[in-house]
Structure formats: structure tokens, C-alpha cells
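Okay, here we've got a single chain as C-alpha cells, the form predicted alone, with questions on binding and movement later.
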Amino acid sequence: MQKVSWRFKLVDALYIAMMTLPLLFAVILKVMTKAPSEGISITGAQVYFSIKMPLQDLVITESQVNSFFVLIIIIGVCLYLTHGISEKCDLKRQHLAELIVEKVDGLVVENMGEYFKGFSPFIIAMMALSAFSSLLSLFGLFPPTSDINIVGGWALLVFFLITYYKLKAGPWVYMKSFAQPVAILTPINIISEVATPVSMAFRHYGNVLSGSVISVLLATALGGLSSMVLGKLPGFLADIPLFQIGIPAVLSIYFDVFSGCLQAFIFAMLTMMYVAGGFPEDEYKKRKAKKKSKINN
């Protein structure tokens, strides 16, 4: 392996700063703006300020700001992993980057087919955005995935993609799909179409939010249990939160790490399933062949 230059190390340091400084700024902003509270405090995203708009004020909340920080962190991670890549693959980070690309390409092809192989960047971006957003709770920050507006926007984007690929075979084929397998089911099929983004949003939002609520309730209950058991001890011993040591951390591994990453994977899988399942590939190929024959004639 060749010795890296100081310029290479400097660029690496800038990318590492992109991955760490946004998180530091988010923590500082949280400490400076959060009002002190007593007892159990389960609230939504904090509102920082609002911008006057003609129809409705644009409210800037904690979830939007944290989402912006997450985007910067993800960009920093991508730039760091791809910095200095070459055909020889000298860097360990390049092995990791290639492994991620291969796994995501295989996942997309396996679940969506060869036609959607170019869908891989969108899927990995969706998983990274969701997972990194949920993991912010490890640092005491509000996870954007606990905001229905954020997750609803993702689900709406997926819904537009589903509709776009359903229209690939033409508007008439899309309209006929609502009457399948029998015309009497048309109202149910229409409701099912609208319910897709709603169910995706509430499934993701509900699972992440419920984990955060359960973690807060259990930590508070363990604090009360510590006071009840050790409250009669003399001096500072009565103030030791014995049962809050270790147990909340173990629970956090599930609710914040495992559950957050799992929900990101599920959201990506549902995206692939709905997009690929709604794409009428046979009808699209027939339409494409018909257009080609008309051009040739």
C-alpha cells in the first residue's frame, strides 16, 4: 500500500468533520434550547421558529433541523468511503464500500428484478436516512423518525414512485388495474391504493415512537424503584439511581439500535415490494414493442 500524502489526510479529516460536527452542533443546540422539566417528559419535536408564508406559516422544528444534520453526516460517510478508491482496492474502506454496493444490488435484484437494478442508490439512501435518524436518540436527540410529518413525506415519495411505475404501461392499464380481479372490488382497490402511503408512514412512525416512549417510562420507573429501595439509606447513598445503571442501556440497544435499523430495513423492503409489485412488466414490454413496430413501419 502506498504512503498517503498530507493532502489525502487533510481531505479525510474534512470528511470526518462532516460526520461528527453536525452531531455535535445538534447536541449543543438541544442543550441550549431545551427548557428544564421535572418528572416524565414525552413531547414532540421542539419548534425553533416559523417563517411567514402567504397561505400558512412554515414552521421549522427539531425534526427538520436534525434531518438536515443527518443528511450532512450521510454525505460525509459516502465521501469518506469513496475517497481514494482505485482499481487495486488498496484501502479497507473501499472493501467496505464495495461490500455495501454488492449487498444492496443483490437485495434489489432479488426482490425487484433486473429491470430495477438502478434502484439501488435510492434504496440504500432510504435505509441510511431512516437508520441514522433513529440512532440520534442514542445521543439524547429527537429522532426525525418519531415525527409523522417526516416519515409521511418519505411514504408520499414512495407513493409517487409506485404510481409512476404503474403508469409505465399507459393510463388505461393503470385504470383497469382497479377493476381486477372483478369490477365490484374497484372501491376497495382505490382505498387500498390510498392506504399504502398511510400504512407505511404510521408503521414506521409508530414503531420508533413507541420505543422512545417505552424507554422513557421504564427509565423513570427504574428511578422511582431506586428511590423506594434505597431511600432510607443515610447520606448520598439514598440518591444513587441503582436500577437506572445498565438496564436502560440494555433496553436502548433494542429500542434505539436494533428496532431503528429493523424499521429502516422494513421500510426499504416495503418500498421495493410495492414498486416492483405494481409495475406491469408484461404490459410495459408489449407497449414498448408496439411503439417500436410503429416506428419501424
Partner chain sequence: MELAIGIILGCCALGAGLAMIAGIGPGIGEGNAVAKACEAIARQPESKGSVTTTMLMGCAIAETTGLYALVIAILLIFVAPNILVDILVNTISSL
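Just so it is clear, the structure is predicted and the values come from calculations on it, not from any experiment. Positions refer to the first chain, counted from 1.
Below, we turn to the form predicted in complex with the partner chain, even though it does not appear here.
Using a 4.5 Å cut-off to the partner chain in the predicted complex, not one of Leu157, Phe160 and Gly277 places a heavy atom inside that distance. Of the listed positions (Leu209, Val104, Met126, Leu167), a single one reaches within 4.5 angstroms of the partner chain by any non-hydrogen atom in the predicted complex, namely Leu209. Ile266 is the sole member of Leu251, Ile266, Leu29, Ile60 with a non-hydrogen atom within 4.5 Å of the partner chain in the predicted complex.
In plain terms, the part of the chain that comes close to the partner chain in the predicted complex, with a heavy atom within 4.5 Å, is 200-208 out of 71-79, 175-183, 114-122, 200-208. Leu262 belongs to the set of residues with a heavy atom inside 4.5 Å of the partner chain in the predicted complex. Interface residue remark: Leu270 is counted as part of the site for the partner chain in the predicted complex, having a heavy atom within 4.5 Å.
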